[in-house]
Structures are given as C-alpha cells and as structure tokens.
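The chain below stands alone and is given as structure tokens, in the form predicted on its own.
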Amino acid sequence: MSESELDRRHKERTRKHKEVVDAKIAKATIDKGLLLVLTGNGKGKSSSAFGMVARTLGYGRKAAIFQFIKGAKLVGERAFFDAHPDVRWEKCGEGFTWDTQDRQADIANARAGWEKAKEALADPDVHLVVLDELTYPVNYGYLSLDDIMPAIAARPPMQHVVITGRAAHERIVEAADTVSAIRDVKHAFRSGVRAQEGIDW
C-alpha cells in the first residue's frame, strides 16, 4: 500500500474518531464538584492526587491535603507544596500501623485529622480536598463512614474531593463520580530495590 493511501485512510479514520469524540463532548453539559477515588494495589494513587493539586494551583485555586497513616515522614510532595500559600497540608497520622504499633494513638490522630478535614470540606474557597490514604482508617474502623459520607455530600457544590488508598469501601466507590483501580503489575521493591527519593517518597 502506498504512503498516500495510508495517509488517506489515516485521515478518514481520525476524522470519524473526531466526530465520535466531539459528539460525546457536546453531550457533557454538567458542571459539578467531583468525588474521585484512586484505589487498588498499584503504585501511584497519591502521586495522581498530588498531580491534581498542581493543576488546581496552576489555575490560581486553593487545595487542602490531609495525609492519613503515612504522615510521619517528610515526603517530596510536602516539601514542595508546604511552601505554597494556597495549599493547606495536614498530617493526620504518625506513620504506618506496623511502625506506630499504637492503635489508640492511631485512632486519635485519624479522628483529629478528620475534624480538620471537615473544616476544608465546608469551605467554598477550597477548590480541591485530598483525603490521602483515607481508606485505611475507614477499613480499620478508626473513622466512621456515617460521619465521612455526609460531610463529603454536603460540601460546596463546585468543590472536588480525591480519596486515595487500597481497598476503597463500596460505599465510597458507589458515591464517587470517577473511580480508578490502579493495578500492581510489577514493583522494584519485590526485587530488593529500596524506595527511591523523589520517586517513592
């Protein structure tokens, strides 16, 4: 087949594709604050959420981040975003449960963090609220969905919320507008490679 024929077919195929995409875009007329859930065993859930924080800041809007469970260690994202005047970053835990080994302290930290998160969820000036690793205190019974879900539902109409963490509860998934389940295919750690600064934390 000649190059000109390949080019002709390519143009026709992409023209038809554009018609389909444009029709779908034309049908999407609703503006609303989204609840996004990033779950699954794969790497990159929090990183994706922090990418949305960067987008929010790029449009001159405010973001609030509440980091449950793994809040003990200074991570690269916090080192970067903490200095930004339009970001509120709250540590809502003292580290992974296998490190803290103190259930009551973990519960107290999670509940204190959630009280702060509720403030942001009620603030119409906050464009994006990230509830990083929220699935863990929910699944461990530290926080109640009967408290969490009404606060999320009652947030300002154009406020977006991102929840990250493995094994998102079905009530969170059902309430969400967008859910991404990130699959673990391969991870360097299982080959004995240590977590890398700037990549893993």
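Just count from 1 along the sequence shown to find any residue number. Here the structure is a predicted model, which is why all the values come from computation and not from measurement.
We do not show the form predicted together with adenosine-5'-triphosphate, though everything after this point is about it.
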item: Selected contact from Lys18, His10, Lys24, His187, since only one has a non-hydrogen atom within 4.5 angstroms of adenosine-5'-triphosphate in the predicted complex; value: His187
item: Contact segment among 171-179, 55-63, 146-154, 34-42, judged by heavy atoms lying within 4.5 Å of adenosine-5'-triphosphate in the predicted complex; value: 34-42
item: Non-hydrogen atom within 4.5 angstroms of adenosine-5'-triphosphate in the predicted complex for each of Glu133, Tyr136 and Ile199; value: yes
item: Gln159 within 4.5 Å of adenosine-5'-triphosphate in the predicted complex, heavy atoms; value: no
